[in-house]
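Have a look below at one chain only, the form predicted alone, in structure tokens format.
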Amino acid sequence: MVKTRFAPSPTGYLHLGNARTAIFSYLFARHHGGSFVLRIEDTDRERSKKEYEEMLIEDLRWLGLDWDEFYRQSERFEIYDQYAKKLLETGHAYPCFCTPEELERERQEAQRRGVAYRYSGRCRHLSPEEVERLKREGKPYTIRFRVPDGRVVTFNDLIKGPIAISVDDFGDFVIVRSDGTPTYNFVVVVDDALTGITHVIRGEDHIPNTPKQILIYEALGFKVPEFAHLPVILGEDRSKLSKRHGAVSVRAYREEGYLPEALFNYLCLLGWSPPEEGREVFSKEELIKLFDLKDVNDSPAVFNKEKLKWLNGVYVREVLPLEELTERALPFLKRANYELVEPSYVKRVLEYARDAFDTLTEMVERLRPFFVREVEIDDELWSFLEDEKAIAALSALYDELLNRKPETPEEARKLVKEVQKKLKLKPPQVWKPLRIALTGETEGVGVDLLLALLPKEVLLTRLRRVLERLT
């Protein structure tokens, strides 16, 4: 059975690149009827934070991911200690008593000679008696993996194809730090092997780690899983996606009012080619059915925020049911301290005005006139309202609204047309002052929508306030 995992470190927000890795791992497992594991890699005691872990889990759930098993590495130290001892006993690892100062001198010497640094191996030949003596003296030590000389580690990457890396590129590496905490390359092997991971799907920046991990798998007698390394995500300037390109975390897009379904969908399109050419909108269920690693491209994917925004707009207008959109919109409207946020009213506004925005933060800005009781009118706009024809139009509309309130945009347009005809005015002479009076702006959502949807008392209050100042 296929079993994959996502293994983030709780040292910051969930990056879009890591989110895509999680999604691809999840889809691959579900496509093959397998299991998906979430593992929190928190062995870095200094940088790992509980609040980041909580946000990671929350953001993954928000995206729509669910997992069958959950592990936290900080709770598994006894297991790692057991396997570190096994490697020491079999001679695949050894204690290293080199001080940081000695290792720094080695690095500087390699730099002076213009060669890549790798550990000299000076402690790999210590006798058991020397090791015991140094331990009795209380000298700190790490545990290093004994890399076999002259080996070229090969593996067939499911995305990149055959890869071969010589052990001469890295030399003996640390698997347990001097404070007793295990390192990434060691614990990831133990965890993946013991939890039965069959496919390791991760970013291509992990390719240099793979030969080290394969050597540990072999030394411990574990079956080596399949590896699939995803290409990086680039910004539009073709450099690696980073903060200089704007928001790069799931949390940021969540707070900007993007929908999880749209972000999930868009991240799938970064590096994966759907079988159906030209199609871009997919439900999670469809993606589970269609996704396979064989359709993942080897070349980097370019993140385009405008494309994401467009896709989010498609979900807002066409995909998300109105009830669901209303539920998502309410927290944004309440955070803005808007007064008119009764759910049934918000639902009615969105039914007519959901094509006016692409994100929920845009909704808060563009649909503001629907959700506040009063609007501010800048001094420069009052000059448009001081015209006699504008005053006449607003007065006539106020009188009409006292007697009848349009319930649809069609009825609203008919009402305004009647006033326009009665006063022998051109359309802009009615619609423009009406827009300013109702919104405090010269452009935006349809005034016919405002007339139809705003509560009658709100409409009358806004018009009366303007007329009182003008007359």
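Start at 1 and count along the sequence shown; that's the residue number. Just so you know, these numbers come straight off a predicted model, no measurement behind them.
Keep in mind that the form predicted in complex with the RNA is missing from the display, and what follows is about it.
A residue is said to contact a partner when one of its heavy atoms sits within 4.5 Å of a partner heavy atom; Val346 fails this definition for the RNA in the model of the complex, lying far away. Heavy atoms of Lys50 never reach within 4.5 Å of the RNA in the model of the complex, leaving it off the interface.
Among heavy atoms of Thr142, some come within 4.5 Å of the RNA in the model of the complex. Interface membership of Glu411, defined by any non-hydrogen atom within 4.5 Å of the RNA in the model of the complex, is ruled out.
Though the RNA is absent from this view, in the model of the complex it lies within 4.5 Å of a heavy atom of just one residue from Gly440, Gly34, Gly64, Gly444, which is Gly444. Though the RNA is absent from this view, in the model of the complex it lies within 4.5 Å of a heavy atom of just one residue from Asn304, Ser395, Ser120, Ser74, which is Asn304. Looking at 54-62, 25-33, 423-431, 398-406, the stretch with residues near the RNA in the model of the complex, meaning non-hydrogen atoms within 4.5 angstroms, turns out to be 423-431. The candidate spot formed by Pro162, Ser178 and Asn209 is fully in contact with the RNA in the model of the complex: every one of the three has a heavy atom within 4.5 Å.
Residues Gly271, Ser273, Glu277, Gly278, Glu280 are the ones in 271-287 with at least one heavy atom within 4.5 Å of the RNA in the model of the complex, listed in sequence order.
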